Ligand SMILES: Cc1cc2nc3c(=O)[nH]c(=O)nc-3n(C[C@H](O)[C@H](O)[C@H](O)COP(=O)(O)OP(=O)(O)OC[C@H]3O[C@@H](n4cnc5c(N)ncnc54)[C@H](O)[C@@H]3O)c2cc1C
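In structure tokens, one chain follows: the form predicted on its own.
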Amino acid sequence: MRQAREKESRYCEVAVIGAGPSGCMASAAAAENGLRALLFDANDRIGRKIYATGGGRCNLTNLRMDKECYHTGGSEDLSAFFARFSVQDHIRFWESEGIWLHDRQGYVYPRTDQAATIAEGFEKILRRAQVEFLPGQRVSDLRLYSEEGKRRFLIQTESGGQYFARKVILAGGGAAGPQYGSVGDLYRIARALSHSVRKPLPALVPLLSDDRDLKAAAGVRCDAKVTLLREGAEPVSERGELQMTDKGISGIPVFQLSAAAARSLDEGKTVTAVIDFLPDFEEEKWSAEIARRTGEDKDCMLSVFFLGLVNRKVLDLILRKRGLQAEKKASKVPVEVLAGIMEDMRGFKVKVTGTGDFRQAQVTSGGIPLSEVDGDLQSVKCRGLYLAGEILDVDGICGGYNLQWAMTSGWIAGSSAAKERSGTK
């Protein structure tokens, strides 16, 4: 990719703002369809956020695609977008470049298990397509400009660069990951072009609690089912590896529920997480286990009485909530309290008082509503403007879904911009 000099006024067919996964895919799709792109990014290299995805292994997509895997602020159906650039299209895109992929129970990664493979793959693709990359160029202003009857976009960067473009694709991400350059600045630019923005909130983040007793179980990782209770909403549940922290709860099931929790908390509603530390027990089997334990000899400490059920730290936490210690004799605790402790193992409540911030978030919940773009992801507020990736109000659960949306929306925006050759109207 050629790098342009700073502080020059230039014209291009399409300007792509943001060199993350959606912006790179949009640039590649535009070039494939004959439209040369100029690619802007505040970072000094493309795909900086890609390097951190999937724990550095880059979970690109998932073979299981259901509508429940994505959230939007409305009732929009994303299936038409994924029909245009599907999971299989995504896989073929990389493997046609000699970048082979593999899946682990449906979770698809590059065969190298290195996120750098995808970032460097984009570099190779864009170089071959003669996409011009402008590193260190954060766009500070975007407006419509008319001269001699021609309507163009005027792009200005913080370093003083000035550019004119016939089409613009906003693909600079949301507010998640400011350490990677995503600071939510494109929301302001979109608003100036008549778009609305559903309040951005952190998603795929830990849930926080002001319960100091949680420190007793900090560091524990275990299989659990987490149910989110929100004022005025139906309960939602997820199961997976739970992580207990001194500030709250974390892990995949918590991440999956975090966007819903963040939205309810932002609305001032009460949120509670209910943890089932023993999700494999069916009700009949669990009732029998309670009856068996409470009917046994109780001449032992509580730590022995409850041995084999939950992690010792979890037991200490549950007992602390009841004002008990593991060294207390079970015989000195009423049977109904012993049964209640066992029930707590299946329904331990954590009052959620907050979420991790955008630095911890893997994705943004909120953004520009899908109702403000058409099926080509062209703005219905400002023709010639396209939107892709995280800037739109779409967020997926963990498992490669957000990268799939980035690639799908980027491909649609880039190829659609190229096919509408008539310019802005």
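Since this is a predicted model, take the numbers as computed values, not measurements. Residue positions are given as counts along the sequence shown, with the first one as 1.
Beyond the structure shown, there is the form predicted in complex with the ligand, which is absent from this document and is the topic of what follows.
Interface residue remark: A42 is counted as part of the site for the ligand in the predicted complex, having a heavy atom within 4.5 Å.
The ligand in the predicted complex comes within 4.5 Å of no heavy atom belonging to A262. Put simply, Q378 is far from the ligand in the predicted complex: not one heavy atom of it is within 4.5 Å. The ligand in the predicted complex comes within 4.5 Å of no heavy atom belonging to E123. Shown here without its partner, the chain carries G18, N59 and Q362, all of which come within 4.5 Å of the ligand in the predicted complex through at least one heavy atom. Out of the listed residues F306, F82, F93, Y180, Y180 is the one that sits within 4.5 Å of the ligand in the predicted complex by at least one heavy atom. Residue in contact with the ligand in the predicted complex (any heavy atom within 4.5 Å), chosen from H71, R138, K225, H195: R138. Stretch 164 to 172 is the contacting one of 339 to 347, 164 to 172, 213 to 221, 316 to 324, since its residues have non-hydrogen atoms within 4.5 Å of the ligand in the predicted complex. Residues from 278 to 305 do not approach the ligand in the predicted complex: none has a non-hydrogen atom within 4.5 Å of it.
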